[in-house]
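First, one chain by itself in structure tokens, the form predicted alone.
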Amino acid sequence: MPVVAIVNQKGGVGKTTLATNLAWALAQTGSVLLFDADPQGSARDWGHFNTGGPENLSVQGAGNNPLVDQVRRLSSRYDWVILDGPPGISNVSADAVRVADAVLIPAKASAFDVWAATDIVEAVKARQTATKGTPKAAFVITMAKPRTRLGRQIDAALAELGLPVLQNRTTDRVAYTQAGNDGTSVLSGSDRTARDEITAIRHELEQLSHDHQ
């Protein structure tokens, strides 16, 4: 019952897009809770529009109880919990890291995203030190421009922060925006490249979570 927190203090990095698509992908083989801890409620709103998705995918917003208590209580009911964290460094984002078995940090191929990730990386590392390695964590490059020198430079910059970078990434494709607007996933759309990207990230996430167990 892995809990996967998707967090970054910087907004606009495709955090909710990654969360909704990964939740949809994982729900193809197991029960999934997409837990929206972002006050903007984008994942929750997506769930309200989602009428044709996997039957075993549930979407829920955060209540008034402490986040850690809510997630721990719910996690036993599902094979996976995908936690869409809030932007910024707050008690909620710290709790998201605390309750997670794995953390994904989405970052665009931009130096600003690298710099903005420093605080969340330090929070993850502090938690890992306190728990002898939990949560596992990795960056995910999002909205990348294929075959650019900039992408390779950002890979190197992110690696300097001391967390691994997933080999697979999402690219800047209209299919992601359209799926979000429709309350669906690129996995149900016609863009094969986008489908392959999410499927590949899902496999890496499964391996990352398996390594934790």
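Counting begins at 1, following the sequence as shown. This structure is a prediction, so every number in the text was calculated from the model and none was measured.
Keep in mind that the form predicted together with a small molecule is missing from the display, and what follows is about it.
A heavy atom within 4.5 Å of the small molecule in the predicted bound form is found for exactly one of T184, T171, N168, Q60: T171. Using a 4.5 angstroms limit between non-hydrogen atoms, G14 touches the small molecule in the predicted bound form.
Interface membership of R195, defined by any non-hydrogen atom within 4.5 Å of the small molecule in the predicted bound form, is ruled out.
R202 falls outside the set of residues with a heavy atom inside 4.5 Å of the small molecule in the predicted bound form. The small molecule in the predicted bound form comes within 4.5 Å of no heavy atom belonging to W46. Of the candidate stretches 172 to 180, 63 to 71, 159 to 167, 22 to 30, only 172 to 180 has residues with heavy atoms within 4.5 Å of the small molecule in the predicted bound form.
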